[in-house]
Each structure stands twice: as structure tokens, then as C-alpha cells.
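Shown here is one chain on its own, the form predicted on its own, set out as C-alpha cells.
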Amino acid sequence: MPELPEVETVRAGLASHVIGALVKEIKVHDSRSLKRNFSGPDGFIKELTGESLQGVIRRGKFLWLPLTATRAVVCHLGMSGQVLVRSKDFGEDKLTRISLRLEKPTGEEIEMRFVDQRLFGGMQIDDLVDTGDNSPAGYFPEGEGRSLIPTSVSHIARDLLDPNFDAGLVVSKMRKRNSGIKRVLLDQNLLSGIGNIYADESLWRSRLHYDRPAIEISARKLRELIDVSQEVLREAVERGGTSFDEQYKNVNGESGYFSQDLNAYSRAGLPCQRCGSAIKRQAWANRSSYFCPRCQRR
């Protein structure tokens, strides 16, 4: 599933193309990608056509594009979603579920295509509500942030790259959790954006076993984990995210290359790049955890 670095790569790519663009025409090729849109495909087309896209904002793994002071288009990539930006005459992309014909402020016409193989992602138009903390709702360095967030995203905690992320508050909440530290890192209601890949990488760098209870870890070590996780996420963003197959692409249809820098995830049987022991893979919560049994002892 695309995590924060992949979604941020998509957000930044969209921001460079669609801010200020006018929606001229919408084609819904598969209504299943609008299953979360309350008014269905017809309502989606009617409300969005003729509106301009005022920004591209991210919180965790969610993107939204404000339309007005009260409404926004929300996009979630799910397991295999892609948002591609194509020129007017670009050929067909397989598995395109929704396409938007846009006119940029320059007059150039482009297409924004939502492509999804497994149909766990989707788009919807949603109400914007106040965050309640008078701070910008999400990451939007290209424009002025507002303290308005889609209702469908409002339960998601701030992510580690959000300028208003409060590390001290998150650490204090972590210290009260009996759950294993990896489960805590993946709790999107506590801190958002981290998934399986970047949890394993952050824990490897911090020398923490994924199942060690958070309550047993010192505040100092948890703060170190937060700092390391931020470092991992920033490095992954710089490399365009992690791609293992055709499911994740940036807006130009290109793969990310952070997979070349992984130290734990997907490296079962390969030597730990710190101590030489074989990286181990264990089944965990219907997923897999990768760790060094020597560097990351339980």
C-alpha cells in the first residue's frame, strides 16, 4: 500500500500541474472508484465540472483538492491507486477508473487520471470542517494552508512531516500503550503516514524489535524513534518512494527507487548491513515483519 512518501510524491507532482486548473469534463469509467461519493457518479460529475482545483493537500496517506471554502475532492490510493497527469493526446492507460479533462491557467489542456488495479482506493467530494486547532490541516508548501479538513480525513492524526506534528505529545501517548511498538507506529489515529515498509525500516535503524511493548520503551528512545522515522520518510520522499511492481507510480508513470536503500523490509535471508546476521521475516498481523534478530532483540 502506498505510504506517506509515495503519496507525497504524487501530491507534489499534482501540485506542479493542477493548481488553478479548471475541470472541463469528467468521465467515470468504473463507478466502483466512487463508492465513497455520497451523490454517486452523476453527483460527482455535476458538482465537480466547472470548478477549479485550488490546491493539493496531504495528511498521512490522504490527498484532497479544495474546490470551494466548504468542499474538496478527496483521493485515497488504497492498495494500488495511481493518479497520473497526461497530455491531451496521450494514449490510453490501462485500468483508468476516472479521468478529468483540465484546463490549466495557461490554457493548456491535460488529463488527470485515477488508475486502480485492485479498487481499494477511490475519489469522493466531501465537506470541509475546521480542524479545531487553528493550524493548517495538512502539508501544502505551495500555498497558504487553511485549518479545514475533509470529514473523511478528520479522524487521521497529523503525520511526521507535518510542520505542526507534536512529537512530545505523541511520545507521551506512546508510553501508555501496551501494544508492540510496530502496532503503535501503524496507528493512524496516533500518527499517520507510516505503513509496513517504513515501520520496519525505522525500527531497524532504531534497533527496536517490532513486538516490544511501547510502554517498556523509555521516552528518550521513543523520541529517537520519531526522529529516525522522520529521517526515513524524508529520504524516501527524496527518492520518489518505494516501488516493487507496477502498482505504485508517480504522476508521470515512473517508479520510485527507495527500494535500493532498504535495510530490513523485503530482505529476508540477506545479511544485515550493520552486523551481518541474516534478516528474518516473521508473519505478523496478516502481514510480514522484517528485522535483524541480533540488532533488534525482543
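Given the structure is predicted, the values throughout are model-derived calculations rather than measurements. Don't overthink the numbering: it's just position in the shown sequence, from 1.
The following text describes the form predicted in complex with the DNA, which does not appear among the structures shown.
- For the candidate spot formed by L119, I197 and S288, every residue has a non-hydrogen atom within 4.5 angstroms of the DNA in the predicted bound form.
- Of the candidate stretches 49-57, 64-72, 227-235, 31-39, only 31-39 contains residues with a heavy atom within 4.5 Å of the DNA in the predicted bound form.
- Taking R146, H76, R101, H209 one by one, only a single residue has any non-hydrogen atom within 4.5 Å of the DNA in the predicted bound form, and it is H76.
- Looking at E3, you'd find a heavy atom of it within 4.5 angstroms of the DNA in the predicted bound form.
- When the DNA is considered in the predicted bound form, V85 lies well away from it, no heavy atom lying within 4.5 Å.
- Heavy atoms of R205 never reach within 4.5 Å of the DNA in the predicted bound form, leaving it off the interface.
- By the criterion of a heavy atom within 4.5 Å, H17 is excluded from the residues contacting the DNA in the predicted bound form.
- Along 87-108, residues K94, L95, R97 each place a heavy atom within 4.5 Å of the DNA in the predicted bound form.
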